[in-house]
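This document starts with two versions of one protein chain, written out as structure tokens and named structure 1 and structure 2.
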Structure 1
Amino acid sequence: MDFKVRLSRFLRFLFPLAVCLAVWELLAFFDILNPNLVSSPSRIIWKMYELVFPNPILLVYLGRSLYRLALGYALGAVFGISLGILMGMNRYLYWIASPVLSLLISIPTIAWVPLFLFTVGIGDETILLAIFLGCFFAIVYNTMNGIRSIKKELIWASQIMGADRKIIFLEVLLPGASVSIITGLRLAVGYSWRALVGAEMLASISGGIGRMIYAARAFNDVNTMFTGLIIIAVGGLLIDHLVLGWLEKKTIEKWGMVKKRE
């Protein structure tokens, strides 16, 4: 895409935001809105600056949150994809596990947190478990569906042509399920992001973005809360667009399994 087109698209995306921020700032400036309750963009930006210089507490928290997210997500992805493949390939396992899965999938992740607080205690382990559970189910479900949706004829065809189990697995099942697996991975990023924020509020003892928002309530510190919200929004958007968009482009778009995104 042409650089100019991209830039104009980006500016067009930013324009409504800029208008809203300007209106907000003006309303707060003329005391129409109570600044102690709703703050104002300039105060929030100043707060962000204060949180980074001289003591980069915001970056430390962000680092911790991202570390938890990465670890929990990686665990969820590894176990989720493996179990999903097993459930997709083995009919009996599917019969037994899929009802259990559909029962567990309907439980909000946050409901597990009090239980983990009980069993593994307050701290990182609980947050990790929550993130793991948050993304695990979506990945298992989509991987399983991906494998099960592959047409029998494709497997038969490759068997006739002399493919052994290993080749069928690597060259038929995995690529065939990849669209679905990546959909699951993509959904799971949102889920684990959500689980991270919730679990940090209830169970963190060493900071994190979710904890920061929650702790600021005790001081009625609206600026810090908005800072946290902005970071969560932008972070979620960046992870989805940059990391997963890149992954999608490198894999399934290249193999021609989905249409290129506009």
Structure 2
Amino acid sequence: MDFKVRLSRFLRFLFPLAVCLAVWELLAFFDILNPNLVSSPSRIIWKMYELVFPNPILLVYLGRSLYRLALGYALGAVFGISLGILMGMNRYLYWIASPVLSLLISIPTIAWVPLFLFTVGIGDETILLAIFLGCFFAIVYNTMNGIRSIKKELIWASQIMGADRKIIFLEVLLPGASVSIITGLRLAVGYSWRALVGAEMLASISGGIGRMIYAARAFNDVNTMFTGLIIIAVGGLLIDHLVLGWLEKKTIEKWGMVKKRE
């Protein structure tokens, strides 16, 4: 892709964010926003600097949170996609598992944390379980619906042409459901961040962004709390665009199943 096109796309993406930040800074500068309740972009940037230099506590907390997020999300993706494919291909498993999942999906992830604290204990295990549940249901349902939405005529045509079950799965079902699978993975990023922060507030014994926000509340440190919120927002955005966006370009966008981003 031409450099000018990349630059133009990047600037179009940044423009609305820059406008929002500028308005936010002006509202804070003229004391329209209460500084005891709402921080400002400039104060957040300065707080980030203080939390990195000379003691990089922010980077340590961010590293711990990203490690937990990556591990919990990976487990949720593997088990979620696997179960979603099985439910989409096997109607008996769908009849059995679908009502149970429909019942459990209504429970907020944070509501599970006290139970995990009681059964598993305080620490990373509880946090990982919360992240796993946070992303699991979105991935399962999108994967399952993607498999079930494939027209039977495509499967019948493949069978007539001599395709066995392995070829049908790899070349018909999986590509056909890939749009729904990637949609589930993208939705799960946001759910995982929410689960991570909520669980770290209650169960972390070794820091993390969620724990940092919760500890700042005790000192009424609004700047640190907003620093954590901004890091969560930017982290989710980067994961969605850099990781899942790359996966989308290499698969469904390359195959012509979705329009290329302009």
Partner chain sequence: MKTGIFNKSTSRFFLQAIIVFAVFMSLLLLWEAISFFGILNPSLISRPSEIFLDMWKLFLKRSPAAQSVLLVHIYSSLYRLFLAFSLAAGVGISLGILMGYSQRIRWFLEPLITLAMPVPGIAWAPIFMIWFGFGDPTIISVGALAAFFPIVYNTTTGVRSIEKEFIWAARSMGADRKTIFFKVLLPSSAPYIFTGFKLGLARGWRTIIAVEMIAASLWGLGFMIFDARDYLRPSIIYGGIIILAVVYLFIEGLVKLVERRTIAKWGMVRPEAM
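By convention here, residues take numbers in order along the sequence of structure 1, the first being 1. Here the structure is a predicted model, which is why all the values come from computation and not from measurement. By rigid core we mean the largest C-alpha set that fits within 1.5 Å across both forms.
Each structure shows the same chain on its own, and structure 1 is the form predicted together with its partner chain.
With the core held fixed between structure 1 and structure 2, L27 has its Cα displaced by at least 2 Å.
Comparing between structure 1 and structure 2 on a rigid core frame, one finds that R9 has its C-alpha moved by 6.9 Å.
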